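Each of the two blocks below gives one form of the same protein chain as structure tokens; they are labelled structure 1 and structure 2.
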Structure 1
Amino acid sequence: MKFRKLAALGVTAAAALGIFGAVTAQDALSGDLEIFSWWTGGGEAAGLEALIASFTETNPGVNIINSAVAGGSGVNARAVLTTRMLGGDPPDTFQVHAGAELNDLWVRAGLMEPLNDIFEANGWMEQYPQGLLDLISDDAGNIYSVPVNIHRSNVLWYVPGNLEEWGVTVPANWSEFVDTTCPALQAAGVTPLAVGENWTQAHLWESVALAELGVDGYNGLWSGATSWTSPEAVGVWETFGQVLACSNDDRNALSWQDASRQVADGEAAFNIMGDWAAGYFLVDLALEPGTGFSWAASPGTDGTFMMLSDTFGLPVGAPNATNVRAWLTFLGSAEAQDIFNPLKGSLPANTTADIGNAELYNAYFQDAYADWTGNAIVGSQAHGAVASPAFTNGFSGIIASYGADGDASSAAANTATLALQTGIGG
């Protein structure tokens, strides 16, 4: 489990700010390159398309096959990927979250090639935060993927003018939201919190857990120091239920974009979502940061940055490994990350990217970067940093059951059992 290294991430990221990387021209390449991801819409699709366009400009002989599978947070893509990987039909490269999602499944199964030579050849051992390198490495120091970004999970999105019209402010904690903000908004005929399908509810749960347990208590869930059946952990589910009671009844029918759109359209006041929502607001809806949309740390988590990172690796048996290595060399560069992240809504993982350029990285990114380099860092459960895919898959069922019966004690007990079954805290 790599989450103990997360606290060093942001501070290390700040140390190398300001140097702009370059991509070494590749030898003439030809043939196919299949890129497997779940980036099919909005800023994330635009970011991937921009990367592909830049790569093919340098490598015109490479035929890119964009095998993106729709579904937020990769819920559908991972099922397709598992079938292909276990069936001996790996894509050339695929999107995977740094941390347990990478290491506890694909690395442990021996299905990924180490990439240390690429990191060393490009000087990336000094350009990536050590804590992030730890999340993409095994205990022997072998590195298995290239991070393209840093995302923040615990973000509360809203429209400032709407809050002013409705006479509410950004809640400092969940108690304020449930006791004061929610009733005021409901009285005004406004949905207090827009929530989407199952995985977005798990995403919301981790923000509630971080707020209720604090950094040490939240980290303790994954290390074994916090009991899943303790009064505090049961209390997370109780608060989560109160928060859901302030959300839309049709949440299971909505995508994350649908929930974000309700905020932009004034149907709902708030939404908890990762900062890919910034890419959606900027690219899809053409909204101005600070006026068309704004943000804060999710209630009760100010001073903490819950992180995740999208990465790409080289599967064992990839049909076009030479092209993959060229693609990964490009992805990890500051140039590529400055192309991709302003569209995606994320921060660059390479610390030599031009994050200080306010024309490239707008007010949201500047604010997020200050938090990334100054806050306590914890890992996202919903997005693979601290819990294995086996736990995440089982937890989605617990979230669904809780949405139906609202039994906090049962949810806590079932999660404790799932943690034992999947090696969490062991």
Structure 2
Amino acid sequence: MKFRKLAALGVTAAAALGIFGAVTAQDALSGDLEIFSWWTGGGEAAGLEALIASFTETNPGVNIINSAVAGGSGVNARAVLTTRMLGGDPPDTFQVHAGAELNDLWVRAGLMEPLNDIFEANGWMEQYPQGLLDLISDDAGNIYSVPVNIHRSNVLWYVPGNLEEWGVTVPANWSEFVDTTCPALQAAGVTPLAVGENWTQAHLWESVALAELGVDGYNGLWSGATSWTSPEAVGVWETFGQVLACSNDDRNALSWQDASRQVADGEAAFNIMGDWAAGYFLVDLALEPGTGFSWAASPGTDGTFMMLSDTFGLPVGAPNATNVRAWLTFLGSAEAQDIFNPLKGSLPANTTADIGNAELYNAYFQDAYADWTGNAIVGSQAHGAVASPAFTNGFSGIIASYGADGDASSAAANTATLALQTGIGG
């Protein structure tokens, strides 16, 4: 009698607990969710806020902690993140660039949880392009992060009316730029190419390298198939030097906005910058796409889309893993990507997003999306897709030295040493 009563009670309790447990897992999440990023200003911070607001609406029980660290375009944030991960105090989820920055550090150290179940449960394996999935997976096919957006690195910006006035056209490749476009513009008293501080020079370098080496040659730099000291690779540095000679000489005084602004102000003809510049032209400078400013693939890279992508992952030992999984499921959905990307000014990574909606995505992004789905895709070096942070740091030193002495063969040899030292192409 007594035993039965107890057992019944136990069963009831278990059932109640089970139901309750199911409720907490699916409908009523609770507890904290710490989101770590370097999105502290402008459209990207607004986008993150909007995402958080939307997530909190459906999950009112979750207390979201937005730990964004400002400064140094992510350098400070990554320093804090490394310290926290070393100290065994990981945030629940953190921002990381797809590619080498994710794979060569966090995945290789075994600190990320595979997220294949989320991708499979939501049909994302078909909704995300294979080239992007490759950047966030290891060789065994484990996927480690959820991409939120796509940026394009190899974009040439200009003002169509100004080019007409100066009598030049968009150069098809770098030799045309150096031999024809550049002298014509210099004769007209216009800076042919506006370039800013060190990292924007590295950003220019990758566009030049892609144009000179082609897709296979460029990818070969990172896989080891292209030698850094080959005549072609030295040639990249030589072309880069000729291109720099066509640029403003106060490079080190300018931020990327300053350089882009020179194009809008008519002081310079062209600028090569990632497509976050579209948001700057559109919102900050209030120019109309197509007339006030226009764009093309950087010279010699037509048909190739050099990409970078911000992603969020789940570190091993995250205190609120259940909440993170719910957050990542939301983050990868077309709905969330349509909230975030119009504000940040980037392409949605999920192909089922509402890209055709002209209210959300402006003319630039309509155009870029066609390239994203139709072009060959390569990863950006300056933004962590193909090279580790150690390489990127050393490379900025080589760019700076090259800016001072213009010695192409020494720059090529130093890059080869750096690649060897940091395990690139090995």
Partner chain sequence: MAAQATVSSAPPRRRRFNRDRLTAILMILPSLIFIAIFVYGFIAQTGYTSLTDSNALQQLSRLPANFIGFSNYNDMINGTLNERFRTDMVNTVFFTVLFIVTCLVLGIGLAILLDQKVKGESIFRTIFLFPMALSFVVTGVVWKWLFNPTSGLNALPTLIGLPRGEFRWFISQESTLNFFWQDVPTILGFAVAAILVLAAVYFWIKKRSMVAAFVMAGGLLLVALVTFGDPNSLITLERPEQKGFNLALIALVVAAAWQMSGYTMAMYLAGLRGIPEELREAARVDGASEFGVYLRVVLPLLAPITLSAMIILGHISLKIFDLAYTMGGGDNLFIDMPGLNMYFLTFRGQDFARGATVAMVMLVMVAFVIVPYLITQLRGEKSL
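If you superpose the two forms and keep the largest set of C-alpha atoms that fall within 1.5 Å, you have the rigid core. For clarity, every value in this text was computed on a predicted model and none was experimentally measured. Residue numbering: structure 1 sequence, from 1.
Quick check: structure 1 or structure 2 for the form predicted on its own?
Only structure 1 fits here, because that chain is the form predicted on its own.
Based on C-alpha superpositions, what is the rotation angle in degrees of the smaller rigid part between structures 1 and 2?
That works out to a rotation of 17 degrees.
Align on the rigid core first, then pass along the CA displacement of L33 between structures 1 and 2 in angstrom.
Between its two positions, the C-alpha of L33 lies 7.1 Å apart after core fitting.
After superposing on the rigid core, what is the C-alpha displacement of S333 between structures 1 and 2, in Å?
Displacement of the C-alpha, rigid core superposed: 3.6 Å.
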